[in-house]
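In structure tokens, the next block holds one chain alone, the form predicted alone.
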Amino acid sequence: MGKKFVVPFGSQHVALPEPIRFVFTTENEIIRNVAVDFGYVHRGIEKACMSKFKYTQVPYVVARVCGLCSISHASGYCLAIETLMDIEVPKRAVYLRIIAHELDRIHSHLFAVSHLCEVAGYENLFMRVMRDRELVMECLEIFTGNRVQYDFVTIGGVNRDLTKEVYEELKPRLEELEKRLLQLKEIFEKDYTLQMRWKGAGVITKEMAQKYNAVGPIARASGLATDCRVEFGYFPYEELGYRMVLYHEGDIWARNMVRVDESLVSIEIAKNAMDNLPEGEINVRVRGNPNGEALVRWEAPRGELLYYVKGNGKPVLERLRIKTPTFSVIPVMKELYYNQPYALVPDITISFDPCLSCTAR
């Protein structure tokens, strides 16, 4: 019988920039029991959208749920309202939304990759990934006007067009970013230390992913083919070069590689959308108030994002409910800690790219 220790991890920890608290019971530094406590952040966003704001203002409110995926939140809500009110978005606006989504996906994925390098002790690699991420942040600022909190998507379309000048600024940056990501992928595929640390650690089998309803890169790293971008046909991704990235190892390394490969796919999609942008308007005028209910499942960078809206013919919604990707992966995350060395806790945690501020709105 080894010596047992109870070790708290979070809600304030250098490797955990999110308000979640774990309590691990370890025996000879091997985790034998796990308790999870989350729910420190309650900003009342859903309640505000049902009492303080008109439904036309809500896209700019829900965009504040998460700084890393504000495009996804605004789009998830707008898709729900557009479905409910039978609003047809112009195809040019759809393509512009796709470009914004994929740029945002790259920026979110690279942030997760950089942080995972940091907790593995690779400070220099962390700084390199963050430097490369600056390219996509520049693209987002050029395209939407902001580095975060873009306020780009609105009900019926988008707020800014892609001009020739913007195109000429974006294209070379995306091509340079693609070169850098290919170099980064080679590092992850060949670095001996990272492979020794991440391969075979924190494994989620395909059966576990199905049982615990894993979503997003977590599911795809375990071979579970799920992606809301193509499952529901909201946007024409398949005509823009979309391909699903699947790994089957289900470990920390695979979850990291899914994000790197998906970033490369996102660059290809964004460039194809820019090169084949349809002519036409970028938004349509919205009339009336929502009456009825709608539910939309959209693919945020971390996975499935669910938006439920209910209107009663008034300017203010009767009900708004959001389910974020991190909420869906907490159950399987907890299971991974059992019988793992305590030293791997930061790596396992960050490989999930958790966003508890989104989850506990």
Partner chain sequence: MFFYSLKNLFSPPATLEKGTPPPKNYRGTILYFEETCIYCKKCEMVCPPGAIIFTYPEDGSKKLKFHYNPYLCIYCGECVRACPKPGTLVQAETPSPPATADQKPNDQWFEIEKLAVESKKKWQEARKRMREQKNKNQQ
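The structure displayed is predicted, hence computed values, not measured ones. Residue numbers count along the first chain shown, from 1.
One more form of this protein exists, namely the form predicted together with its partner chain; it is left out here, but the text below deals with it.
Candidate stretches 29-37, 313-321, 52-60, 296-304, one within 4.5 Å of its partner chain in the model of the complex by heavy atom: Going by heavy atoms within 4.5 Å, the stretch is 52-60.
Partner proximity in the model of the complex: residue 149 to its partner chain, non-hydrogen atom cutoff 4.5 Å: Yes - in the model of the complex, heavy atoms of residue 149 and its partner chain come within 4.5 Å of each other.
Heavy atom of residue 92 within 4.5 Å of its partner chain in the model of the complex: Looking in the model of the complex, residue contacts with its partner chain do not include residue 92, since no heavy atom lies within 4.5 Å.
Contact label in the model of the complex: residue 131 to its partner chain, heavy atom within 4.5 Å: Residue 131: contacts its partner chain in the model of the complex.
4.5 Å heavy atom contact, residue 168 to its partner chain in the model of the complex: Residue 168: no contact with its partner chain in the model of the complex.
All of 122, 141 and 159 with a heavy atom within 4.5 Å of its partner chain in the model of the complex: The answer is yes; 122, 141 and 159 each reach its partner chain.
In the model of the complex, the one of 288, 241, 236, 145 near its partner chain [non-hydrogen atom within 4.5 angstroms]: Only one option qualifies, and that one is 145.
Contacting member of 226, 83, 114, 154, with respect to its partner chain in the model of the complex [4.5 Å, heavy atom]: In short, 154.
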